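Just the one chain here, laid out as structure tokens, in the form predicted alone.
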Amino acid sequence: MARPRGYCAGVDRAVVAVEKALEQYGAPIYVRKQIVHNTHVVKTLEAKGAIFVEETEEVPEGEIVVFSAHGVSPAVHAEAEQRGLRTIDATCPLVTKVHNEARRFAGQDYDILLIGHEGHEEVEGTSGEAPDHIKLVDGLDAVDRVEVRDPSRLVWLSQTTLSVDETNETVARLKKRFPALIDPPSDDICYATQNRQVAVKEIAEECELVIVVGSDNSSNSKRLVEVAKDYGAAAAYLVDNATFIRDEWLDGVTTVGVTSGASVPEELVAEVLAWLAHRGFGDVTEVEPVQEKMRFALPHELRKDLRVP
């Protein structure tokens, strides 16, 4: 078992924000996009009265809408205000940090190379902070295609949920093409993404099979599968829950590694452990190369009504 695994501070904050909003204001509470990228979490919140929509235009005027942990662009905030919506911004503070960096560098007239995956909600939100200055770099192949105005005024930022190794490789290739490229003032890949990758690296070489619990649209969960394979696991699979595991994966396997993405509740991991124990893998050892103690306060819109310090 890799540790840390599962909920990070930003995910916990976002999920609790929806739960507290339902308790404080009553159902329905609207949520733009999935609050976090996990099918089980979304269904659980729907059962409690949350309504998930794709865009703010689907929210009735005057209602409450929660913005997901992945962040939104200024245009989305403006649209919500125009429609008279009450907003609760559950954007992860580490994503907000990247937004702030994008605005600051754009204000200094830098071109910004944003390393990330096209279409991901976090990338869309960050790009919206400075659309005239941000160029998306989606993978190593995109490095040779990106065009900039002035190679001497260039900075890179990244999506927070990427593979650390892959991002470093992309940055190295960018710097070979653009020697004046400067780094952000602090690492954009979030602590939780890095910690979970470190833990998987620690266990992968000892395991013939690594099971990563997480949904298919979870970027950080998919990266864990890639890291496990890169660091020695013969096979690694992403599963939403225990029902997705196949018995044939265990053929010839003596040691299984288990971890979960940053938006996965621990109960889903427990179900996977029970499934494995039923098939003879009941001896569990936790490996914890790094401890994690980060916590984030609830969104200020909620704190003022809940009177939470």
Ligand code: 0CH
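Note that residue numbering follows the sequence shown and begins at 1. Keep in mind the model is a prediction, meaning the values are calculated, not measured.
There is another form of this protein, the form predicted together with the ligand, and it is not shown here; the text below is about that form.
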| item | value |
| --- | --- |
| 4.5 angstroms heavy atom contact with the ligand in the predicted complex for residue 218 | yes |
| Partner proximity in the predicted complex: residue 31 to the ligand, non-hydrogen atom cutoff 4.5 Å | no |
| In the predicted complex, residue 259 touching the ligand (heavy atom, 4.5 Å) | no |
| Close approach of residue 158 to the ligand in the predicted complex, 4.5 Å, heavy atom | no |
| Residue stretch of 240-248, 57-65, 272-280, 32-40 approaching the ligand in the predicted complex, non-hydrogen atom distance within 4.5 Å | 32-40 |
| Residue (of 120, 99, 133, 201) lying close to the ligand in the predicted complex, criterion heavy atoms within 4.5 Å | 120 |
| Contacting member of 228, 72, 212, 95, with respect to the ligand in the predicted complex [4.5 Å, heavy atom] | 95 |
| Residues within 4.5 Å of the ligand in the predicted complex, restricted to 281-296 and counted by heavy atom | none |
